[in-house]
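Below sits a lone chain in structure tokens, taken as the form predicted on its own.
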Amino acid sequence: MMPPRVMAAARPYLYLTPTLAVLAAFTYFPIARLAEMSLRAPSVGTSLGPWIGLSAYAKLFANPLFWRVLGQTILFVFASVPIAMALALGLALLLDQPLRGLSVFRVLYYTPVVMPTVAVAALALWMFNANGGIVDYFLRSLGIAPVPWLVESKWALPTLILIAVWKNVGYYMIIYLAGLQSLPRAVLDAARLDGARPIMRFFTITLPLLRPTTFFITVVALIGSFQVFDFVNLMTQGGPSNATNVLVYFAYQNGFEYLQLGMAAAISLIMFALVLGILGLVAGALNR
């Protein structure tokens, strides 16, 4: 029989044991297995191959395409996330006003979130079609030359960023709206009575109080943006000329098209470390 003091100290860890066991089985062990795969040369349908050490990483770092894909991934993340979050906060501020019909606008803004990714990709392919797409139709009506959205390299990645922002902004808006509606009204009313202007109240009261909400959205948005795959796979397959290739799709190509499982594992681990590092920096910046 354990002493009562030891039992009391061990009880929280006993409660955490089932969760830790699930995480170990479905998270930590797969990551360790992935790391082992990146240090070997496994082939499809066989066990882990011979030990090759850091050869896969050396090949990756010597491949110019890897650095291009990495740069495009970082550009996609740090372009789509701030734009989507800024738009979401602006829409949430508008929808937090006591106006009629706001529930209709909330549904309209949130509709792209619940739409299947395949449907969104098909709709986007029609809208941004260089031959008769509705976006180019409106550009022609304004006297602007059509834009080869998904055909030319310089336009393809910005087009995917625009589509990703449109798909996700409604989700972030709902979270921001919930955060705004949970703010202490007494503080805002006191600032209003003291003569603080709306823009001053926003930057000195509202935005600081929304820091936990902003942190949550930032984490979710960063992880989701790094994991972008569906739009690339359905709309561009990494083209044209690898202009929309990102780390997840690059790992998919190496693993399932080129059957280089060790290389795919190395890419996945590099992306995991990159996401973990960026999230650590963001957490440190927002929790000061």
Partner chain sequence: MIRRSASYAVLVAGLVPLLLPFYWMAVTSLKPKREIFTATPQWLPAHPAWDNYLLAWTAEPFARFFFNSAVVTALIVALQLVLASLAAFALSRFEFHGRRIIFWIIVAALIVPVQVTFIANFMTLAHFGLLNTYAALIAPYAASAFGTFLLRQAFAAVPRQLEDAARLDGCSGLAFLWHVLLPLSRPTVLAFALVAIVAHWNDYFWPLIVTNNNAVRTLPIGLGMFIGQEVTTDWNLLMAASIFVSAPMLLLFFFMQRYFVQSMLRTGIRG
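All values reported here derive from a predicted model rather than from experimental measurement. C-alpha atoms forming the largest set that superposes within 1.5 Å between two forms make up the rigid core. Positions refer to the first chain, counted from 1.
Only in words, not in the display: the form predicted in complex with its partner chain, which the text now covers.
Just one listed stretch, out of 50 to 58, 28 to 36, 66 to 74, 238 to 246, contacts its partner chain in the model of the complex at the 4.5 Å heavy atom level, and that stretch is 28 to 36. Shown without its partner, this chain lists L139, A191, M127, A79 as candidates; in the model of the complex, only M127 has a non-hydrogen atom within 4.5 angstroms of its partner chain.
Among I83, L94, A196, L183, the residue placing a heavy atom within 4.5 Å of its partner chain in the model of the complex is L94. At the 4.5 Å threshold, heavy atoms of P116 reach its partner chain in the model of the complex. Put simply, P212 is far from its partner chain in the model of the complex: not one heavy atom of it is within 4.5 Å. Shown alone here, N168 lies within 4.5 Å of its partner chain in the model of the complex, counting heavy atoms only. In the model of the complex, its partner chain stays beyond 4.5 Å of every heavy atom belonging to Y258. The partner is not shown here, but in the model of the complex the stretch 215 to 243 reaches within 4.5 angstroms of its partner chain through a heavy atom at F216, I223, Q227, F229, D230, N233, L234. Here P12 counts as shifted, since its C-alpha moves by at least 2 Å between this form and the one not shown after the core is aligned. Comparing the forms between this form and the one not shown, the C-alpha position of T27 differs by 2 angstroms or more, with the core used for superposition.
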